[in-house]
Ligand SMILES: Nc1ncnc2c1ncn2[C@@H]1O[C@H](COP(=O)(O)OP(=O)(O)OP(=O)(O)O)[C@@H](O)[C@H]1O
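Read the single chain below, which is given as structure tokens and is the form predicted on its own.
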Amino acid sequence: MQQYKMEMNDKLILVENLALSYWHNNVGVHSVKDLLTLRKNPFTLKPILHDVSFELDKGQSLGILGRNGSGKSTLLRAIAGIIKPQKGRVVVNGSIAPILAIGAGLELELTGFENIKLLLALYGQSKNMAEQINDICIFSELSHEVLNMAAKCYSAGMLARLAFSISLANDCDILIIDEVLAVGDKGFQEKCVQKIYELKSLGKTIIFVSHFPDEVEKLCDKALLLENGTIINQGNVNTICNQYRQLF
């Protein structure tokens, strides 16, 4: 991932002229044999993001809106350093806690407790681990019996609870949330939202993707609207949310 460190008085996140494409399998190649028996290249490069640029200051909350297939999740993965852009650059001047999908980052063969310890260590949060594990158990509301089970036995809601609880316990500068607040029961959703507001009040920077503009208006200071991989507008959160509503 092409990331550059900045001086502390610069932007916390800078995305500049970002372009990203995926190789697309056109004819259903599923093995080396399929590939060798074809007379032409079955793959084509499919553009996902085109010349995307924006910046974010420390403590700001950015909402990203767009219809399905507009490139929202791909943009978040580029910011998180999971995928590398073909053009442009992503500058991040802080640590990131990504919540990108149900159970993202969890090893399904490991138990809940093992996943907690592994991810806290990877996040560099190994100090006071026993206290953090206890906080995660309380927040997730998952019993010790459940946390001693392999994560592959968890329901989607349980995976979301565990992944959310670990990420929210991570003391990072930037929280990235990708359309996962709709998973789980209403009580846990409300608890997660309250925790996100708490982190926002502590000066954390938040990037929030949602199909619900009402949520974006409540949480975010600014917003951008993606359409076919291009930013068609960015700025005032109410203006962007109203423009998004008009797409339907």
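Numbers for residues come from their place in the sequence shown, where the first is 1. Everything quoted here is computed from the prediction, not taken from an experiment.
Below: the form predicted together with the named molecule, not depicted.
**Student:** Of Asn93, Gln132, Ser73, Thr111, which residue is found within 4.5 angstroms of the named molecule in the predicted bound form when only non-hydrogen atoms are counted?
**Tutor:** So the residue touching the named molecule in the predicted bound form, by this definition, is Ser73.
**Student:** Would you mind picking out the stretch of 148-156, 112-120, 73-81, 169-177 that comes within 4.5 angstroms of the named molecule in the predicted bound form, counting non-hydrogen atoms?
**Tutor:** Going through the listed ranges, the match is 73-81.
**Student:** Taking heavy atoms only, is Gly59 within 4.5 angstroms of the named molecule in the predicted bound form?
**Tutor:** Gly59: no contact with the named molecule in the predicted bound form.
**Student:** I'd like to know whether Ser201 contacts the named molecule in the predicted bound form, with contact meaning heavy atoms within 4.5 angstroms.
**Tutor:** It does not: once the named molecule is placed as it appears in the predicted bound form, Ser201 has no heavy atom within 4.5 Å of it.
**Student:** Going by a heavy atom distance of 4.5 Å, is Lys218 a contact of the named molecule in the predicted bound form?
**Tutor:** Taking the distances in the predicted bound form, the answer for Lys218 is no, it never comes within 4.5 Å of the named molecule.
**Student:** Spell out, yes or no, whether the shortest heavy atom distance between Cys192 and the named molecule in the predicted bound form is within 4.5 Å.
**Tutor:** No.
**Student:** Within 4.5 Å of the named molecule in the predicted bound form, counting any non-hydrogen atom, which residues from 202-229 show up?
**Tutor:** Sequence-ordered list has one entry, His211.
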